[in-house]
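Single chain ahead, written as structure tokens, the form predicted alone.
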């Protein structure tokens, strides 16, 4: 069962509570390159990204946020480190700040930022990474999940003492075990929404596997209100992977689910090719249907009957099964088109 957290609003998107688990990403462009950043965000929007974060390393980037915000449709988050002035400029234009209050300035400077966020109803995400923990906490606990959680609680306390409670928290490590342990510990101590991910997860293939395990484990625990799959890859892949994780856990199903067998010596059709073609043809379909692509008569009929629609192969031929019933028998070379014809009809219903 999902843990009930308080609701926080980021622009026109609500997170926490009973709201859907949101998928977000971060631009890889230089924020000061306004055109490139806008173009990348638009690509992310098409892929389904619901919240986008950009780095703000300097004042040029902070001032660029105004034009960026005016040309995109999803909430914009400014990622700030070390300089409260960047936060004060950014808060004029964005929907959320990502900063750790303890590292942007002295007490009065922190108060200025918090007051500005409060006045504009802009939430703040505290983001703890294992690679940038305070030295005293590493000395006390080592680079552990406990140190990460204590760091998060310290930053939360700063905001709460300034009467600020529109808070989101992340406690990420680059390994799965510390990440999961940190979120589990933190979830027991706070009811703020949690942004979940494995930081610096790696390149596309290995990063997706690490992220799926780490994020998936936490979501199965009921922990997590937003997610990001952090990849050294095209950022659009982060969004696609995020939705695949949610779909695999049946937490958000907004596109077809494909079930296909791994093939074996009983397979008499070119199932691998067929499954890849089906998946490719389904990528633009938004109806949440379950499609089975099976290769033989052992598990095939049962899996296909359990799906909304499916194919089950035989020797040079196959059957199409819809809602548990065989509706037609076709030659192998006709399977793809006949299946897609039936899927299109279901989409139009």
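Model, not experiment: these values are computed from the prediction. Numbering follows the first chain given and starts at 1.
Below, we turn to the form predicted together with another copy of the chain, even though it does not appear here.
Of the listed positions (187, 230, 255, 144), a single one reaches within 4.5 angstroms of another copy of the chain by any non-hydrogen atom in the predicted complex, namely 230. Exactly one listed residue, out of 134, 161, 115, 175, brings a non-hydrogen atom to within 4.5 Å of another copy of the chain in the predicted complex: 175. Between 88-96, 149-157, 194-202, 115-123, the stretch whose residues reach within 4.5 angstroms of another copy of the chain in the predicted complex through a non-hydrogen atom is 194-202. At the 4.5 Å threshold, heavy atoms of residue 302 reach another copy of the chain in the predicted complex.
Taking the partner from elsewhere, residue 271 is found to have a heavy atom lying within 4.5 Å of another copy of the chain in the predicted complex. In the predicted complex, another copy of the chain sits beyond 4.5 Å of every heavy atom of residue 71. In the predicted complex, another copy of the chain lies within 4.5 Å of some heavy atom of residue 294.
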